[in-house]
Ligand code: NAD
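A lone chain, given as structure tokens: the form predicted on its own.
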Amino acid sequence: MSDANSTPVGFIGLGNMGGPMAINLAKAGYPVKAFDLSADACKKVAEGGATIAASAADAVKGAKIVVSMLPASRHVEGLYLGDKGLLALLEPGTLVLDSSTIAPVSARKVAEAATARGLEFLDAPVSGGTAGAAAGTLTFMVGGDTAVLERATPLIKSMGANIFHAGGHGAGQGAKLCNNMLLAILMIGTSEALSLGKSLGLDPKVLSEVMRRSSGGNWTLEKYNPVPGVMEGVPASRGYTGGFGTDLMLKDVGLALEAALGSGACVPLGGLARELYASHSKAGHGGLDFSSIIGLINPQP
């Protein structure tokens, strides 16, 4: 174990993304003390080499780096802020890396509070899906100071293959929201095209390959095909389970629209994508992977 990798890490949030990330840190040699409200999630991470803490506060006790991966802005603010928040428990100089996808204004709020306590903060949301989290090939979009990112880079490289410094605090979240809004639109468009192909009698595997190698090629065709049986190892081939939930995508696109409203940007396709994902969620599919949106476009009998 190297000196760099002997740095104690507290990890909060062990879901479909956070769990594999914590395990990869443990595999890289970091002493990881992790916590999640789900006992099953904790068990999986313990099997991967991390120590399970009794609480979030216990997880960060003695940590030099804290990593969090939580569902929404309110969870991140609730975890870190206030007299009982984690920022009040951390020693000055501790690095806080939040990989949740939240509103840029929330990231800046936590960053300001962290800085006031002598802590170093980065908003560092990720892209690459659950497969990327497991393989350690995630893309990190980082907001914060360059010197702090340099300190965090060895740790990030244990979880990801690409690191982009988007700018100051909140910029990582801004980049992630732009990315996820586009991903939502691409998944809907890909689902429409594949559904049209089915109606024309085309084999979805053949059509997917045609489009993948043509001008319609995109990440969903490369890595995340929404049609069951076309691609192995993706949520579509396991009942749309274990991926990035429809409700999470709905949340992210909603954050993108809020950001657009604040900046005056025009995002008509983003608005339509949110309406479609909202309809899909209201139909009872909020817990299914976001690629299940193909079921809204092409309902199965």
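All values derive from a computational prediction rather than experimental measurement. Each residue number is its position in the shown sequence, starting from 1.
Quick note: we don't show the form predicted in complex with the named molecule, though the next part is all about it.
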Please identify, from 162-170, 205-213, 106-114, 71-79, the stretch that has a heavy atom within 4.5 Å of the named molecule in the model of the complex. 71-79
Does the named molecule come within 4.5 Å of any heavy atom of A54 in the model of the complex? no
Is there a heavy atom of G270 lying 4.5 Å or less from a heavy atom of the named molecule in the model of the complex? no
With a cut-off of 4.5 Å between heavy atoms, is N24 one of the residues that contacts the named molecule in the model of the complex? no
Is G15 close enough to touch the named molecule in the model of the complex, meaning at least one heavy atom pair within 4.5 Å? yes
The named molecule in the model of the complex has a heavy atom of only one listed residue within 4.5 Å, and of T220, T94, S100, S191 that residue is S100
Taking only heavy atoms into account, state which residues of 173-195 are within 4.5 Å of the named molecule in the model of the complex, ordered by sequence. K176
